[in-house]
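Only one chain comes next, encoded as structure tokens, the form predicted on its own.
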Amino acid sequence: MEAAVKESRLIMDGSELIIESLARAGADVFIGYPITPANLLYSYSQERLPSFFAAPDEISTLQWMCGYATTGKFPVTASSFPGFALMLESVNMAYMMELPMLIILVQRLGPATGTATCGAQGDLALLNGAISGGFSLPVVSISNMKDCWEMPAKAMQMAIDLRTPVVFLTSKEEIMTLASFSIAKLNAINKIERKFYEGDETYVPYKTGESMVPEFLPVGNSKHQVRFTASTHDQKGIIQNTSKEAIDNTKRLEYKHRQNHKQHLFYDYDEQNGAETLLISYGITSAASREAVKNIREEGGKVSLLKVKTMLPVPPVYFELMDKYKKMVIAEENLSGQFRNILFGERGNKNVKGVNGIAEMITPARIMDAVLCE
């Protein structure tokens, strides 16, 4: 029995789990430009994905990804803030063209190039405003090594189902830290089957039904004309500036994410009966939050824990859970409390306390102090 257990345990980092998950889910190509601390994702992809292309820069990376996506391939890239900043115009292009792809964003200390080898949780506010006009860019996060395995495939499914770029938010510690765990506890990752338009009627590239998501058809087929358009357009993909049909189509880009959020809702909620305080965390800070909750309960205190994985657009269920508590503590590794501000605005909420910091990971002790103080 002991031998069997040893054989089922591996030591690996989050990067390897993420890429292996995407390989099994059916991702077709990794396109990227190396940048710390996302280099391991770049390296592992060369070994596991069917195709790999080293782009000359991050702008080219997203442009190539858009090209691959129009052919029905699912592209993946990985970067950190400086690289993502260069990608931003093309992310908007992919968003408007409704091209499925996954962008793994490994957060590090900023501003600017900051410190490449120091982690942080500093990019959420950027992502909340990444699409011009304030449109919602789907963002998912991870909270442990198991999520490194399960969440990439779910994020890929979201991108395909909603026809949109999805950002997979991580941090340096989550994707570079080695951990030992049992592979027997990992769920199977099945290949995601993509469905394309098969009708005989003329294909209308941005025509939708109840889901508000248009059917996809790759370029290069011999039966229908396919058009992808990055400017404001009608259902046929014809640029129409401010016509009613074109503006309605633009509004749909926001509505489709809000309407379909329940199909792609991921979070962990550890409720304790009688607790009046809710601790909220995401990403790397989730580990310290779990430890803080454990310690508080062992000392006789009561607190519930919400680990957020679907970050943006903010799901309504989070507010429903918050409404059950007199006090909330939101722990995140940035100075301004970015997720707290997204939830409650700059004015904040008198019942909400933040635990924040920069250039050092937040400790369970600091979280405990915030939870237990009056």
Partner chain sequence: MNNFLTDAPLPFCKGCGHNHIAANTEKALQLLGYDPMNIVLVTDIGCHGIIDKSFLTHTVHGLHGRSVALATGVSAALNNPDKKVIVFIGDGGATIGMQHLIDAAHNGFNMTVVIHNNFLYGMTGGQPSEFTPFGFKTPYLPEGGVKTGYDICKLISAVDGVSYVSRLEGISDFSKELAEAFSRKGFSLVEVMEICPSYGVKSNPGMKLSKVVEGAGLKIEKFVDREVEAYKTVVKSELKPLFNEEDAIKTLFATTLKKPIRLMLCGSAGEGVQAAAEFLLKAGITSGLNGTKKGSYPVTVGVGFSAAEVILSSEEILYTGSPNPDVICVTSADGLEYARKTLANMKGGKLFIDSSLKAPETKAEVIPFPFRERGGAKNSSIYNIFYLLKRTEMIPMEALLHVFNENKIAKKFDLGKMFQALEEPFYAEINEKTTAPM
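Numbering follows the first chain given and starts at 1. As the structure is a prediction and not an experimental result, all values here were calculated from the model.
One more form of this protein, predicted in complex with its partner chain, exists but is not displayed; see below.
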Using a 4.5 Å heavy atom cut-off, are Ile11, Pro56 and Val219 all in contact with its partner chain in the predicted bound form? yes
Answer key, its partner chain contact in the predicted bound form at 4.5 Å (heavy atoms) among Thr202, Gln259, Thr117, Ser132: the residue is Thr117
Only one of Thr250, Asn190, Gln225, Ser243 has a non-hydrogen atom within 4.5 angstroms of its partner chain in the predicted bound form; which is it? Gln225
Examine Lys327 and determine whether its closest non-hydrogen atom to its partner chain in the predicted bound form is within 4.5 angstroms. no
Does any heavy atom of Gln46 come within 4.5 Å of a heavy atom of its partner chain in the predicted bound form? yes
Does Tyr68 reach its partner chain in the predicted bound form, with heavy atoms at most 4.5 Å apart? yes
Under a 4.5 Å heavy atom criterion, is Gln263 part of the interface with its partner chain in the predicted bound form? no
Pick the stretch from 251 to 259, 208 to 216, 266 to 274, 226 to 234 whose residues have a heavy atom within 4.5 Å of its partner chain in the predicted bound form. 226 to 234
If you apply a 4.5 angstroms heavy atom cut-off, which residues in 90 to 111 are near its partner chain in the predicted bound form? Ser90, Met93, Met97
